[in-house]
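First come two forms of one protein chain, each written alone as structure tokens, so that there is a structure 1 and a structure 2.
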Structure 1
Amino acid sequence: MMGFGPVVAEMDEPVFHGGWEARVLANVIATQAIGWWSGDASRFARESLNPGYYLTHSYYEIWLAALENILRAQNLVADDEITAGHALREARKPERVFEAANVTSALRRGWPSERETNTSAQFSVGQKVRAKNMHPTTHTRLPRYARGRVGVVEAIRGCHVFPDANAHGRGPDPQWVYNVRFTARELWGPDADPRNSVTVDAFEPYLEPA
């Protein structure tokens, strides 16, 4: 999608534009840390918002709307409770809550996506590959502009949790990830600068030999 105009940077931008933004971020991190849904599911919830809403609301409004949708779908919070500002019924209890004493070490450790594997990578560095022409309605991390285009594998990133499966509760289903470089001309046509390129990290199921 194009036509959004220039990139406008805010001078002396604060980390959060008001305390509510900070609380949205923290609520998203803390509820996700329970382990009932993944970060990939959260991303899918955001990108599944109505496009009109997505394009006209701020980042943390998008995060809030997506979190509410997840909480509704998980039967954890209902609209009347948000309206009331209080819990009106019980929700299932997590095995563990993200506790203050554990936050710093958990954030420092993070949630690495790389996984051990006994499979071998299907593609090799230097190989030409084509990004598949695919348009799933479920979550995917293959950008539209790369679909159907030919690039070259520049690096192998290891085997990582596959967002396309993990976002939908189908488990980590680890897949090899390749750093694939596309020339600007391959992506955008003959008017593009012949020197420039765009590189994406593509999961193996996104690629086929070219």
Structure 2
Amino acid sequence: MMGFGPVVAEMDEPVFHGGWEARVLANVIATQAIGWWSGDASRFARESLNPGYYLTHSYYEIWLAALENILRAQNLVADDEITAGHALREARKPERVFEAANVTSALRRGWPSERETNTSAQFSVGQKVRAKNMHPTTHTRLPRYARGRVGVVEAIRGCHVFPDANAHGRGPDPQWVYNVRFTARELWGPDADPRNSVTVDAFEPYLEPA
């Protein structure tokens, strides 16, 4: 994003800059475990924040604002409860709860996205592909800087849950994923360092033959 200056690395950066950040992360994981929305839906909620807010607030401030919006939409909290900082009435009851005793094993296991499929990959290793010049108003994991650019397939990652569908309650809709390498000059023009490149894990619906 232009105009925001360089990205400055923080030396010896702590995992959390305050206890509230850890609580935000814990609440995002615990509420998502209810099963009423997906991690992709959480990402879309963050992307859907007002750009003026999104571009001027910290990582976990963005996560918290998005979570509040999701909880409102799911009738788990109301505006006056968010303002008060505690429940003011009985909330919608979830069918399942993420128990503290299960946290460690769940985090170690993770949430694998790979799925079995009876389809065949459309593209092969070494093939040139173009990232589609697409601009959906819904969720997507195709970086804007890669759209319309040509790269080469370096690896096939398998078939995975498709975020563009899963974020909007349309199910996992598994799609093939490819690791595609783009040269820096292809992405950013002739002034880019010719020694540099960027690899993107791209879902099959994002790509077309080049």
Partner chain sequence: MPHDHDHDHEHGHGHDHDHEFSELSDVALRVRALETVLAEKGLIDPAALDVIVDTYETRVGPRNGARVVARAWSDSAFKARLLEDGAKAIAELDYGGRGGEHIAVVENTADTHNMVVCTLCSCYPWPVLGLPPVWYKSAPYRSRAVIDPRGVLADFGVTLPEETQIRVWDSTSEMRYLVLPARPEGTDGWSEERLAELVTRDSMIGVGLPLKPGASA
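What you see is a predicted model; the values in this text were computed from it and never measured. By convention here, residues take numbers in order along the sequence of structure 1, the first being 1. Note that the rigid core is defined as the largest set of C-alphas that superpose within 1.5 Å between two forms.
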Decide which single structure shows the form predicted on its own, answering 1 or 2.
2
With both forms fit on the core, is the shift of the CA atom of G189 between structures 1 and 2 2 Å or larger?
no
Core-aligned, does E90 move its Cα 2 Å or more between structures 1 and 2?
yes
In Å, how far apart are the CA positions of V8 between structures 1 and 2 with the rigid core superposed?
2.5
